[in-house]
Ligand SMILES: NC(=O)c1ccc[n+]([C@@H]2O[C@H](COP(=O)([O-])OP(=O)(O)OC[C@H]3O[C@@H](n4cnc5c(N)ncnc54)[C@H](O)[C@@H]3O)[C@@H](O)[C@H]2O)c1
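The chain below stands alone, shown as structure tokens; this is the form predicted alone.
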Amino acid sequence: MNIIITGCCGHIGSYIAHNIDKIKKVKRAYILDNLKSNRFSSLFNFKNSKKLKFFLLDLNDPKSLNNFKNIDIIIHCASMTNAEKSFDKKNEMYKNNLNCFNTVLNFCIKNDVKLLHFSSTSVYGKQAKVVDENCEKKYLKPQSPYAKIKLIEEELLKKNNKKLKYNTFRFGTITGVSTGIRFHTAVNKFCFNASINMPIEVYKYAMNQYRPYLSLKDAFNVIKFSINNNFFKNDIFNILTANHTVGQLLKKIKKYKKKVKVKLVDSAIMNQLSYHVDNKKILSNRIKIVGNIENDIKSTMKILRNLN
């Protein structure tokens, strides 16, 4: 089986690429990135480089995938992902992410290629209860341009439902260490600030609000399961390891950094109510959630231990 991994230098994409040997059905993985993030280190020291071949490509070019033949699956990770900063780069993010998505979508349709598409649990927006994939559209109120784009991508897949096989995975906020790790998401940013003795910025009223978090280990496991079991349902699945409050996360961080400073701040993105995301739908398909957010925090604090 031949696959393409777009955005292979990112937080998720690099983890998949560096663990590709664990997916037995994959014989060849073409890994793509435009390297605009300058995360060249994501390409260092692959354990099984015989399975991998890197291409420097920008999916904004609709013809960028034209030379690939005999591809079975695309794992699409390529996108601008900083939700909070997306307010300042709204037009750029819309153009980049949708152009890249359309390049991948058109290639999949034209070449009968299956697609693993990553969305976000942030599409649920304002909630005050448990939410699942079957919630009414009125509850889909994304609070950032990034999340709004994810809903557009989901709708484009639905419109092309009969033209390709795919899964949309609504990922919780990613935790865990990879070669392409970034520090703009909540847990990683908290760990970094704690490590350099800077205040952890917590949005007002968010200390006791629940949000969904996803260990990289579980994100990879659902990808591995889909490929090895030909699990493509043309459907949407919530993927998360656990729902946690900011207060719970800070408590876990304090196990590895005793003195943690907290600063309350305002943010346009965090005016949501507290809510839990339900993941029973994916669990009903024999996929196991085995990750641990505290272990991810421990691993992240460990790689940052020399900063204090």
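For every residue, the number given is its place in the sequence shown, counted from 1. All values derive from a computational prediction rather than experimental measurement.
Not pictured, yet referred to below: the form predicted together with this ligand.
- Among the residues Leu250, Leu35, Leu43, Leu52, the one placing a heavy atom within 4.5 Å of this ligand in the model of the complex is Leu35.
- The candidate spot formed by His11, Ser119 and Arg182 is fully in contact with this ligand in the model of the complex: every one of the three has a heavy atom within 4.5 Å.
- Residues of just one listed stretch (276-284, 53-61, 258-266, 242-250) have heavy atoms within 4.5 Å of this ligand in the model of the complex: 53-61.
- Heavy atoms of Gly172 reach within 4.5 Å of this ligand in the model of the complex, making it an interface residue.
- Using a 4.5 Å cutoff between non-hydrogen atoms, Cys100 counts as a contact of this ligand in the model of the complex.
- Proximity of Arg28 to this ligand in the model of the complex: non-hydrogen atoms within 4.5 Å are absent; the residue sits far from the partner.
- Using a 4.5 angstroms limit between non-hydrogen atoms, Asn160 is distant from this ligand in the model of the complex.
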